[in-house]
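In structure tokens, one chain follows: the form predicted alone.
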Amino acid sequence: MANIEEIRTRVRLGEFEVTNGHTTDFPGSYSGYDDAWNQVKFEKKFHIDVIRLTDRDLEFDMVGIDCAIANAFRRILLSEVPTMAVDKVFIYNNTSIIQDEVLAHRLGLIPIKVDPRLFEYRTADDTEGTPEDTVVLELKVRCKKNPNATKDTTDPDVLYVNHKVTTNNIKWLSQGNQAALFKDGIHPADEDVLIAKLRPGQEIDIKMHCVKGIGKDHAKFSPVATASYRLLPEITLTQPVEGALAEQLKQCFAPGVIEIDNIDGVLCVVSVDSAVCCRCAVGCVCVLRARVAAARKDTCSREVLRHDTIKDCVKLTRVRDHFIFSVESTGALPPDVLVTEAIKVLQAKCRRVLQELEDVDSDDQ
């Protein structure tokens, strides 16, 4: 029974293969197990733990769901949470060495820090836009010589003025009541991102229309730089690993995964040759023993399985329903807001499916 339980809940990493990778969480997979959907049981098991949260990065654990649902969240984050991005570029003057279409493409990929929930989708036949669906930005830069530069200098930053065109040069042109709605202004999510380089006499004069869209239509609307998940690693020592083998085991994993103690439980660091203990007298007989300190840090490289001396001492698995999510925002919205919006999108999809099923039932009757 214990073996069946492991097959149901763990993915096993072998030397040359990965086993138990298929999903079996449905009724009838295993005799004696009730895998039927139970909301009470699901709510008791399911939970989300936030591990790290910054302005751009979020790491959290989602526990108690199937891989298909976890992957749905990832895909929605990538392609269905809306943002604002440059959609139309009106080039009045561009004498830089960058071609118009390349410059327009680069501008389109600059994340704009503005809440898309405050805007509507722009209709396909609307060419002008309205304050409710369009943000207008301007990029107007002209390079000239610095009259105060010394004759012997060769540094472009000293020789020229405005020779680097960056996102700091992009200005927001308020439309309608946008100034009252966005008191902090609208601007690119990152400062000092290089767009182009100019020389005296060269000029860029551009206006841009930013509209609301989703990553499924174009990658420039994707709100995340990365959105990924991995299963929680689990490392089990099947037998004590001591002495030189303990140090060898430690070197097979990422830093912090395996630590070495003496048999009394006091941290004991081994010397390079693993013959003596650096905290005890030279030539002491201190017994060193390895322990799993932080399996979460493991990268699942399976390096340990290459060594015949220790590969039988370790069992590598991953918890099937424990997902470690990493979300990196482009800066348009905080990562916790993006996850919340992804959940709302999935809820809307579920409601739409249920409604369609109800409509089919009513038609049949």
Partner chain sequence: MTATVDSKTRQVEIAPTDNCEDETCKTFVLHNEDHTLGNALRYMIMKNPQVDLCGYSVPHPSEKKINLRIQTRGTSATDVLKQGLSELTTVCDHILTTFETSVVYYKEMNPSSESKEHPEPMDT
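Residue numbers count along the first chain shown, from 1. Bear in mind the structure is a predicted one, so any value in this text is a computation, not a measurement. The term rigid core refers to the most C-alpha atoms you can superpose between the two forms while keeping them within 1.5 Å.
Below, we turn to the form predicted in complex with the partner chain, even though it does not appear here.
Contact here is defined as any heavy atom lying within 4.5 Å of the partner chain in the model of the complex, and by that definition each of Asp25, Glu59 and Arg351 is a contact residue. Contact annotation for Asp359: at least one heavy atom lies within 4.5 Å of the partner chain in the model of the complex. For the chain shown alone, Thr19 is not a contact residue for the partner chain in the model of the complex, no non-hydrogen atom being within 4.5 angstroms. Contact between Arg75 and the partner chain in the model of the complex is found at the 4.5 Å heavy atom cutoff. Although the partner is absent here, Ile65 is a contact residue: one of its heavy atoms lies within 4.5 angstroms of the partner chain in the model of the complex.
In summary, the region of this chain contacting the partner chain in the model of the complex, judged by heavy atoms within 4.5 Å and restricted to 76-84, 179-187, 156-164, 122-130, corresponds to 76-84. Along 326-350, these residues reach a heavy atom to within 4.5 Å of the partner chain in the model of the complex: Asp336, Val339, Thr340, Ile343, Lys344, Leu346, Gln347, Lys349, Cys350. Core-superposed comparison between the shown form and the other one: the Cα of Thr19 travels less than 2 Å. With a cut-off of 2 Å and the rigid core superposed, Arg352 has a Cα displacement that reaches or exceeds the cut-off between the shown form and the other one.
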